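Just one chain is shown here, as structure tokens, and it is the form predicted alone.
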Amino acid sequence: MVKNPAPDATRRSEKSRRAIYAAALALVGEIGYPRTTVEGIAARAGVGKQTIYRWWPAKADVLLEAFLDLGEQAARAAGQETPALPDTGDLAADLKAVLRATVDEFLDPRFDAPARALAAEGLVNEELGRRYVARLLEPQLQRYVDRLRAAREAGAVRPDVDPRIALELFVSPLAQRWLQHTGPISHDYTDTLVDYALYGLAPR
């Protein structure tokens, strides 16, 4: 008599985790972060809420993990598993390409709603804010630092330029427009940011 194989707990846990990620992202997009609850996520995912609390202490933690996973999956789908900015030797072109991709992500509803929710929650939840910066923002900013440092070593920018300050010339305005709706974001907008940052405002 052939016995049925024992249930694979690892596979079952991964399936539940994936369902929870999908449920959290979907609910935040549909009804907003304030109305999303652990109970709602559990019901949408088809799991008990204790399953969620066994892995995460609160809905913000679920959303952060789900959003990080979404980004990793999107990068793998695009064949961009290496976390580095392009280095073609043309700094302006490389920065414009990355910022255009950032605009596309900001305008994608799958990313927009959870990213806004995490940014807003991080302002009032200090512990979550620190983790949001450490796990999501800081790695992205470091890639700009690395690319600008390489450009400095190649003589493409002044030797006294601080890469960490320089990146804020184009990253921060984009983030402000997106978060506060102070103006439209587009490829033309980020291309202009790069031109202004690299070439200044004085007549040439």
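Note that residue numbering follows the sequence shown and begins at 1. Nothing here was measured: the structure is a model prediction, and the numbers come from that model.
Missing here is the form predicted in complex with a further copy of the same chain; even so, the following discussion is about that form.
Residue 156 is the only one of 156, 68, 43, 58 with a heavy atom lying within 4.5 Å of a further copy of the same chain in the predicted complex.
This chain appears without its partner; in the predicted complex, the one residue of 92, 123, 101, 74 with a heavy atom within 4.5 Å of a further copy of the same chain is 123. The three residues 160, 179 and 201 all sit with a heavy atom within 4.5 Å of a further copy of the same chain in the predicted complex. Contact annotation: residue 96 falls outside 4.5 Å of a further copy of the same chain in the predicted complex, judged by heavy atom distances.
Contact check for residue 192: a heavy atom falls within 4.5 Å of a further copy of the same chain in the predicted complex.
a further copy of the same chain in the predicted complex comes within 4.5 Å of no heavy atom belonging to residue 110. Proximity of residue 136 to a further copy of the same chain in the predicted complex: non-hydrogen atoms within 4.5 Å are absent; the residue sits far from the partner.
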